[in-house]
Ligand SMILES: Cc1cc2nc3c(=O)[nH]c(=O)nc-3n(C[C@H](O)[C@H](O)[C@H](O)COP(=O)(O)O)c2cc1C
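Take a look at this one chain, the form predicted alone, written out in structure tokens.
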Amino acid sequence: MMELLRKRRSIRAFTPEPVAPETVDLLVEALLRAPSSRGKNPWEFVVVDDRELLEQLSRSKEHGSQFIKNAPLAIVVCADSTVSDVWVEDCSIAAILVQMAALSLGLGSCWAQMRKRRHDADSSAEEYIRKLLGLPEHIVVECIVGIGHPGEVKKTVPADKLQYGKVKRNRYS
């Protein structure tokens, strides 16, 4: 696990090679194995591999979602907000787990935050995605994770560059 954490980087460039169906199945399994508070499992996932939908999802917010256009796969991480008051945390856990699973399978990924982001001056990213994907009103959108075969190589962050000053022991001060 530590080697995966050391290698994990946000990959925003992908090759055109599709993600194999059996690999998508493993990613879905990883999502469904995510822990959740009180075992409520409020998360819902929309797996997207349709090129036109990926292109439309890449325009979900004003900045930071364009990379989805060239990803062969995206997972829209949503939740039924009526099931749990901590759906944000549960969705975040599922999203990072699928990113780590993707890395373990030789894929790259990047998270695009959607919750509390604007699509344009008149609507939120969530409203845009809800309409695009036909999500019911009680389903909220946390993020989109773009996944694919890496089209870029990024160096790992050396241990001496980590922010160890943000770690306190026993007490904050």
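None of these values were measured; they are calculated from a predicted model. All residue numbers are counted from 1 along the displayed sequence.
Keep in mind that the form predicted in complex with the named molecule is not shown, yet the notes after this line are about it.
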Open item on the list: Give me the residue from 104, 37, 123, 113 that has a heavy atom within 4.5 Å of the named molecule in the predicted bound form.
Closed with: 113
Open item on the list: Checking a candidate spot here: are 8, 12 and 67 all in contact with the named molecule in the predicted bound form (at least one heavy atom each within 4.5 Å)?
Closed with: yes
Open item on the list: Is residue 61 part of the interface with the named molecule in the predicted bound form - any heavy atom within 4.5 Å?
Closed with: yes
Open item on the list: Counting any heavy atom within 4.5 Å as contact, can you tell me which stretch out of 104-112, 132-140, 50-58, 24-32 lines the named molecule in the predicted bound form?
Closed with: 104-112
